[in-house]
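A single chain, nothing else alongside it, follows as structure tokens in the form predicted on its own.
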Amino acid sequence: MSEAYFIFELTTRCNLDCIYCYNVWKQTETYQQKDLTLAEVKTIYTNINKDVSIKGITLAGGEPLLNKEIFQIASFLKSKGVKTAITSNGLLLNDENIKQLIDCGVDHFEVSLPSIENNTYDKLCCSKELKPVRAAILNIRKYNVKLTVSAVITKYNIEEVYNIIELSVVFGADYFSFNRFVPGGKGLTNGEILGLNKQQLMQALGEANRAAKVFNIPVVVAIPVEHCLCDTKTFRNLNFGTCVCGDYKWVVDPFGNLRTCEQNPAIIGNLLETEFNTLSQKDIVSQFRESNYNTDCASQTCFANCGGGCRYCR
């Protein structure tokens, strides 16, 4: 039986309004406001587990803690032996919620920290509430769980890359996730003011590489970078990967719809109605997987390493 990793988008709601947000419901009127319920999660789990070994599930959103059934959902996954993580903006991760999530089986927290400067955080997230985010990271570190700090890197915070990673280390993060800005969701309307050109991307990767070496922290470049865009071997302290969306990693939205990745609005089908194996074999999936292979890639041996990079960066 093959393995797969899933992201469950528990709600379309969020308590921030980040100008770089990739959520697909920020770019289409197809999605109405909705929370994924415990009963729906149980059905979805059954329709997945028949066909594939679930390697793990990340609870995401929107802001997943706005889903009032999040603790029951995490407890259900724990009862099934599923490794469960959560990705959050941190505003609702007070000590009580952190402890309850851990008790319910969550063993990996990812908190977004796109800036350590109040003004920049406000520009990016439309919020002046940076202090609770920093407090959340420190609170998580008190417990025996994995902690990742992540940041979407844009023109607004490119000069902060080194310092954000430095603070993450000081706050006890186990990993840092480097996410270059990819236009999607609300970010589609802000691409010009946020997007990095090649020179800026190289600058940001260079600063992340330097910080990874100085502070000895694993820095994961979460969104694949095409090798033809830059020689990733130059950044020996960074961890690059290839796109596994629609192959190893899948997304389930608050309506139970299966998608190939967080940025792809295309719906494959609904897991409340159809088993995973049937949906994953649809032509729309193979077409997505092949969409980043062009004639230039055919002559490049590096394609096996980057898979053509992110399909939404071109």
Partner chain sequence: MENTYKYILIAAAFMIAFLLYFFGIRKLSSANLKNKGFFMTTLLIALASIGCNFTSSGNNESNTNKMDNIFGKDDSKRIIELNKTKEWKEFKTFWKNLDNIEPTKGAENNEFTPYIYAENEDYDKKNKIVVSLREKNEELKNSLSELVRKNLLDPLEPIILFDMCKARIDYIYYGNVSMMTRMMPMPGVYEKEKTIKMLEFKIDTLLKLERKGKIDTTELKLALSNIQLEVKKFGVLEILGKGKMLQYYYRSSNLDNENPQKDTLTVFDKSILDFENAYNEFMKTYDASKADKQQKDMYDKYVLVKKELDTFMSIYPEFCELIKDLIVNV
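No experiment lies behind these values; they were computed from the predicted model shown. Positions refer to the first chain, counted from 1.
Keep in mind that the form predicted together with the partner chain is not shown, yet the notes after this line are about it.
Trainee: Counting any non-hydrogen atom inside 4.5 Å, which residue from S115, N139, N190, T148 sits next to the partner chain in the predicted bound form?
Mentor: Selected option: N139.
Trainee: Considering the partner chain in the predicted bound form, which of E159, E129, D107, D174 comes within 4.5 Å of it through any heavy atom?
Mentor: After the contact test, the surviving option is D174.
Trainee: Based on heavy atom distances of 4.5 Å or less, which listed stretch (74 to 82, 214 to 222, 121 to 129, 193 to 201) is in contact with the partner chain in the predicted bound form?
Mentor: Going by heavy atoms within 4.5 Å, the stretch is 214 to 222.
Trainee: According to a 4.5 angstroms non-hydrogen atom cut-off, is D103 in contact with the partner chain in the predicted bound form?
Mentor: Answer no; every heavy atom of D103 is more than 4.5 Å from the partner chain in the predicted bound form.
Trainee: Answer for R134 alone: is it within 4.5 Å of the partner chain in the predicted bound form, judged on heavy atom distances?
Mentor: Judged by the heavy-atom cut-off of 4.5 Å, R134 is in contact with the partner chain in the predicted bound form.
Trainee: Does any heavy atom of L238 come within 4.5 Å of a heavy atom of the partner chain in the predicted bound form?
Mentor: Residue-level check for L238: yes, a contact with the partner chain.
Trainee: L167 near the partner chain in the predicted bound form, any heavy atom under 4.5 Å?
Mentor: L167: yes, in contact with the partner chain in the predicted bound form.
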